[in-house]
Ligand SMILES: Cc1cc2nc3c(=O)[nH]c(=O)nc-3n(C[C@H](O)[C@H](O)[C@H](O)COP(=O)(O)OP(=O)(O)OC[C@H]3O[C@@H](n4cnc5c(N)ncnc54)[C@H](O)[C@@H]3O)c2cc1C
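Next comes just one chain, in structure tokens: the form predicted on its own.
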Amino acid sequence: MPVGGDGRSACPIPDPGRGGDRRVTVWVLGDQLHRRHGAPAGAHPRTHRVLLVESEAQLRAERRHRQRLHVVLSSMRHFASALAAEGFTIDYRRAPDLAAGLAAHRADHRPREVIATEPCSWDARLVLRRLGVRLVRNDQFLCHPDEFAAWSAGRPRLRMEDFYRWQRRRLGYLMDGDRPAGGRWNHDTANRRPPPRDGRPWPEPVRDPLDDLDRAVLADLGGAGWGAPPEGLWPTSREAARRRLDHAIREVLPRFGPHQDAMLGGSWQMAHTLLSPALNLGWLHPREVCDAIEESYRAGGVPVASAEGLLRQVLGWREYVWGLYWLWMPDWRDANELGASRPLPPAFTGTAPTRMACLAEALEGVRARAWVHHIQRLMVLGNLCLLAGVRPAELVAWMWASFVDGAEWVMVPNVIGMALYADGGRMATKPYAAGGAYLNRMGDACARCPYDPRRRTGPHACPYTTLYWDFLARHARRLAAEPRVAAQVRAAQVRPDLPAIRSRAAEVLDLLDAGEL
């Protein structure tokens, strides 16, 4: 981004100049873009100045997707522009890192105090405390880490279902008195159906034309990043995020639920709401989404199974991984209980193609949109890395950098705890390992694939199927004690073709590493 000699950006917002007036500075980070929450909620133009810093170190930290870079930077600039229109004095600058940006701001303006919302990452929170920034309680979620720690204290094992029910009881969503609406807490059995085969249309996502700030960000990025450029799919303003929420509740949610775990090559979005980027950047608050779900259900606009399915994702799973992140960090991100040592496959990094249809379609979705839905993340991308023994830290870093809704608090629980079972079952009750049969049942890619999900050996065997049985045999001693997979482990050990499976698995892993699978 073009900057002046003092490090300030060329954003179309007020330039405050030097020799400030000792106002309090509100420092807004790039994933806290909500006017009514956190530190901005108590700010007034007469008493507060606003600081936003584009950190060059963070932008260079990983090989990041172009759409992720764009949505973060454009959102920050749109937020700054909205605050400027409200009358705030804005100091928007690019700096080598956050600390350098704050030091330059303090030298220019000598603020009486600098305040910020508690950062959403462990490392950023340490940095801001070290820099003497006063932290305001983070209320971007419905359960603060302190509340989660109190809920979890003394429990022999943490389960998302227990947390989810506690959340619903205390917050009152989809409750009829003391009982869950519809008489059941969990509608998963109605929400895990295979993909429909009737060719039905799915709601088209909302798109906005790129505006001047969007185009300026792209110009400033130049050749930085990888993947397709943005096409207005992801919101970079509060108004755009609200339009997407309205569309999701009105058009998408009635069709959500039954097929939320299915994969269709002809419809990448199906009936997914696509709200995670807006939530993770702060444009939307989870209470807004939960209120909208509740209102739609009570008005008869959505079946209870669909309403409960989305509420479970927002009120349950999203808040649960947020709580676990703060409860178990920082050691959690370094966990590797299965001793995985293989590098990330070349197909993930774009240095080699793949003939596996489900994997190719998922990776193309990441390249084209910096997004694929949760089953592709867990059961296609994560499952392959689990079965192959990919180093957890490499998959965390790749997903964090590649997804438009990426954040460390999202990826550490979902990769370390769920996809790769790298914490040895601390979070999940079993490894989410599956062969080609699952992918064939829940998707339609197998019909377009040269590999056969029913075969375990030979050159045409599905790599997922081969590696699944090899994974169970490889980790038999450890997994035999896990009740939810013990039967599969025993079945693997008595297979007469196990030696041939393990021989083929070694070939598959070599081909995967070489980018020839």
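Everything numeric here is computed off the predicted structure, so don't read it as measured data. In this text, residue numbers run from 1 along the sequence as written.
If you look for the form predicted together with the named molecule, you will not find it shown, but the lines that follow are about it.
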Within 4.5 Å of the named molecule in the model of the complex, do Val26, Ala43 and Val127 each have at least one heavy atom? no
Contact assignment for the named molecule in the model of the complex, among Arg367, His374, Arg391, Arg426, heavy atom within 4.5 Å: His374
The one residue among Gln167, Ser74, Thr89, Asn280 placing a heavy atom within 4.5 Å of the named molecule in the model of the complex is Asn280
Ala407 versus the named molecule, in the model of the complex: is there a non-hydrogen atom within 4.5 Å? yes
At the 4.5 Å heavy atom threshold, is His105 in contact with the named molecule in the model of the complex? no
With a cut-off of 4.5 Å between heavy atoms, is Trp398 one of the residues that contacts the named molecule in the model of the complex? no
Is there a heavy atom of Met411 lying 4.5 Å or less from a heavy atom of the named molecule in the model of the complex? yes
Which one of these stretches, 311 to 319, 78 to 86, 144 to 152, 211 to 219, sits within 4.5 Å of the named molecule in the model of the complex when only heavy atoms are counted? 311 to 319
For 412 to 447: residues with a non-hydrogen atom within 4.5 angstroms of the named molecule in the model of the complex? Asn414, Val415, Ala419
